[in-house]
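What follows is one chain in structure tokens, specifically the form predicted alone.
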């Protein structure tokens, strides 16, 4: 076997997530490329939840459409996930021993709970099932034991030995009842890699870029960013504040940035709604700030633990009035690290808010990536005046000095000679409030031209640029589209793919050659076709553009995209 699609399903609160995490780590340690996807309900306990793992011998950005093994820990698991079962799939249930073949797959009942009780560890049902799963794909039992020793090191020898015994029982069950079902899962080379989520990558990238302040309010699916940085920021002298609400989250970050710290706030859609008034203050005061918006399905509370890409129009226009902002949206977990780091440089170079969009498909799910190259991160703080610079000024420091590129030198408060005024009101070059029409016009034009030429290092990725049809994506939708195009190209279809990572300012001139004189199909997870509408505002594709949209809370399936592409090309 070159790939395995595995899922554990059960009631929320009975260890589904930890079971999936352990099996993902096991497959990763054995050398496989691993891609995960969690489905869970927005409640503390109860309701069906599941954890999908796809292990491959090659790199991929998609967790897969099917299932080879389903570990069904509750009654809903089979019913909810039956439609994903591949031909020949195996479904494991708890119960008296029985094996039944039906509808192209095999239903297997094994006494997981009873064995757990017999070995004196009633909570070990999941570990026994993991042993069964590992044995079915020939994972070495010794590697499972090594993982258990690492995973439960803080819980002591007794817990470690109990879990080893449970895993061992799983292997014995397979040897006794399922020896004919054992397959060998081919592992690629043992090249060094990482297993990481986009939330973790963003947090890591921010840390490496010199972020030293985060203020945020917990919210799914962005909370992991704050959790990760709460451990790491203090180690480098940084500060994290879990504040009382979303408004405080952004205003503290603005204040820290004004004081000279590279700062950020992280949130999701409802939290971003609350931040919008203060966002305008960052725009008016030209205070650099990075805002991470990990999208979930809305509006309002919506589907708080489900997938959607519907905040694009919000981040493009959030807050009243007009001010420059930059919107970045990585399409891989690896780029989540590098774009997070670059976001801080862009925020300070252009002295404006920078949005870093994520979606639940990447935020909370992990993929195998090549080791991150921290040497690629270069810190550039833009036009910051030193004490020596300020001493050479012939006149008093003008914080909002008119300039040809719209970017005014700034001084960190406390720097001798850099005293200045900043407020959320309109102001003159000095920072003092004014309502003078001529000054308002000039200072407005100064602000707005700042980002005219702003471009990140990888604003987009394109494949097969000469194709007759270009499929455009953003964020985690990239993975499913890549695989759909690969399958269709093998059948002769002429399809290219364009993954846009810089959405504002849109790199129109650079994009134009790839979208000219060809059919354009935009695949996105929202109702209104927000990405397509944004492209139409900038590029003449109106008479040859089409949309594939989904907004049911789930990520795209490859077969769904492929079938719709076939109708359109």
Partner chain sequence: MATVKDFKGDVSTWCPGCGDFSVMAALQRAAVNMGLEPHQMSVISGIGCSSKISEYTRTYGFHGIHGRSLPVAQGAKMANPELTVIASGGDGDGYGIGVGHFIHAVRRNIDITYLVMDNQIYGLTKGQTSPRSQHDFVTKTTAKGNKEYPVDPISTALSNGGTFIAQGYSGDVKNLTEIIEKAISHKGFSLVNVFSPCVTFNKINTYNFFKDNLVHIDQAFSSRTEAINYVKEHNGLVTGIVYEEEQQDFQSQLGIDWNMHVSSGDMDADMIHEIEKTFM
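Numbering follows the first chain given and starts at 1. Everything quoted here is computed from the prediction, not taken from an experiment.
Omitted here: the form predicted together with its partner chain. The next part is about that form.
Q: Is every one of 13, 89 and 99 in contact with its partner chain in the predicted complex, taking contact as a heavy atom within 4.5 Å?
A: No, none of the three is in contact.
Q: Report yes if any heavy atom of residue 261 sits within 4.5 Å of a heavy atom of its partner chain in the predicted complex; otherwise report no.
A: Judged by the heavy-atom cut-off of 4.5 Å, residue 261 is in contact with its partner chain in the predicted complex.
Q: If we define contact as a non-hydrogen atom of the residue within 4.5 angstroms of the partner, is residue 440 a contact of its partner chain in the predicted complex?
A: Heavy-atom contact with its partner chain at 4.5 Å: absent for residue 440.
Q: Is there a heavy atom of residue 209 lying 4.5 Å or less from a heavy atom of its partner chain in the predicted complex?
A: Output for residue 209 is yes: heavy atoms within 4.5 Å of its partner chain.
Q: I'd like to know whether residue 232 contacts its partner chain in the predicted complex, with contact meaning heavy atoms within 4.5 angstroms.
A: Residue-level check for residue 232: yes, a contact with its partner chain.
Q: Name the stretch: of 113-121, 379-387, 165-173, 355-363, exactly one has residues whose heavy atoms fall within 4.5 Å of its partner chain in the predicted complex.
A: Every other range fails; the passing one is 379-387.
Q: So its partner chain isn't shown here. In the predicted complex, which residue out of 321, 416, 95, 299 has a non-hydrogen atom within 4.5 Å of it?
A: Result of the distance check: 416.
Q: Which of 28, 51, 534, 514 has a heavy atom within 4.5 Å of its partner chain in the predicted complex?
A: The option sitting close enough to the partner is 28.
Q: Can you name the residues of 281-295 that have a non-hydrogen atom within 4.5 angstroms of its partner chain in the predicted complex?
A: Residues within 4.5 Å: 281, 285, 287.
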